[in-house]
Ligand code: NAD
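The chain below stands alone, shown as structure tokens; this is the form predicted on its own.
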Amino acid sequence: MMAMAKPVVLLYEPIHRDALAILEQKAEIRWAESLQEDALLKQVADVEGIIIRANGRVSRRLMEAAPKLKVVGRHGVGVETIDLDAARDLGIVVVNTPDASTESVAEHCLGLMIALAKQIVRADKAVRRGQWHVRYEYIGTELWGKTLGLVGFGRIGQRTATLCHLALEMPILYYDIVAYPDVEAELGAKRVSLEDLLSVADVVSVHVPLLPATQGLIGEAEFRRMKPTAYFINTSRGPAVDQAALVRALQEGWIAGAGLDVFDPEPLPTDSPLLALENVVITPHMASHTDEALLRMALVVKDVIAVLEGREPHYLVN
């Protein structure tokens, strides 16, 4: 008997080798030649599964061009680049990995806070220039006992709160449309309005998904409300912040500094004024890029395979 052909799964970008090996056993892997929609349209006629990372989109037009498509897997959490309405209309399952990056992003967030408070990056650059005397000029601050304000209190926000509260005894404030009384009791966290959080917090950290309601959530009025000694951290989505307002806030001293992993647009242009500011620590959207988290995100292949085999996935988005 002839062996049945494996279903074709289109990968937009490379994934962890261990997960790729699992997928290869069950599917024929096809790599995207380009993430431009017109190019993708030429590759999806026989595709039954798609795995997308942070780049590119899975639009209605693309889904309609793929009559065999059964499942779209998001390597990560955010699904704003997948047309969920179209997937629903066409009976296409969408899966993701909601827990995969929690620890890595929370640790990265804490790392940005420490780098800012201790002026680590600025000092490193100075020492490499032979300026040892900066040890008398670059005076840092302690995070111990400072108030942490979390804008968005989902998995990553809560894990960041736990790290900061247990390690540094930081009081926790949070702003979210959902209340988390169990976490409030565990950490002594307090749910407050966004205005109150911004006025009180010594560190403000953003942890929101990109939705119409969160687009430009933090703008000029919000930065002006913050303390001039406060630090601002964003490891969620660039468009949640008015980047021009952030630049002004940093240039004019409305806030003390910022730790940024996400931007609008990405990649960050080489002429961005953020790059000229010493009170900013910048990383290239890599908070979730640890070997452990990349493997956990890549294991979305298990749910993709489950759907292709007619089984129930673990992490169903729609």
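Each residue number is its position in the shown sequence, starting from 1. Just so it is clear, the structure is predicted and the values come from calculations on it, not from any experiment.
Same protein, other form: the form predicted together with the ligand, not shown, and the subject of what follows.
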For this session: Tell me, yes or no, whether residue 152 is in contact with the ligand in the model of the complex, where a contact means a heavy atom of each within 4.5 Å.
Result: yes
Exercise. Do residue 147 and the ligand share at least one heavy atom pair within 4.5 Å in the model of the complex?
Worked result: no
Exercise. Is there any non-hydrogen atom of residue 48 lying within 4.5 Å of the ligand in the model of the complex?
Worked result: no
For this session: Determine whether any heavy atom of residue 77 comes within 4.5 Å of a heavy atom of the ligand in the model of the complex, and answer yes or no.
Result: yes
Exercise. Do heavy atoms from each of 156, 180 and 288 fall within 4.5 Å of the ligand in the model of the complex?
Worked result: yes
Exercise. Though the ligand is not shown, can you say which of 86, 211, 168, 127 has a heavy atom within 4.5 Å of it in the model of the complex?
Worked result: 211
Exercise. Using a 4.5 Å cut on heavy atoms, which of 62, 262, 256, 32 is close to the ligand in the model of the complex?
Worked result: 262
Exercise. Based on heavy atom distances of at most 4.5 Å to the ligand in the model of the complex, which listed stretch, 115 to 123, 218 to 226, 137 to 145, 97 to 105, is the contact stretch?
Worked result: 97 to 105
For this session: Using the arrangement in the model of the complex, list in sequence order the residues of 226 to 251 with any heavy atom within 4.5 angstroms of the ligand.
Result: 235, 236, 237
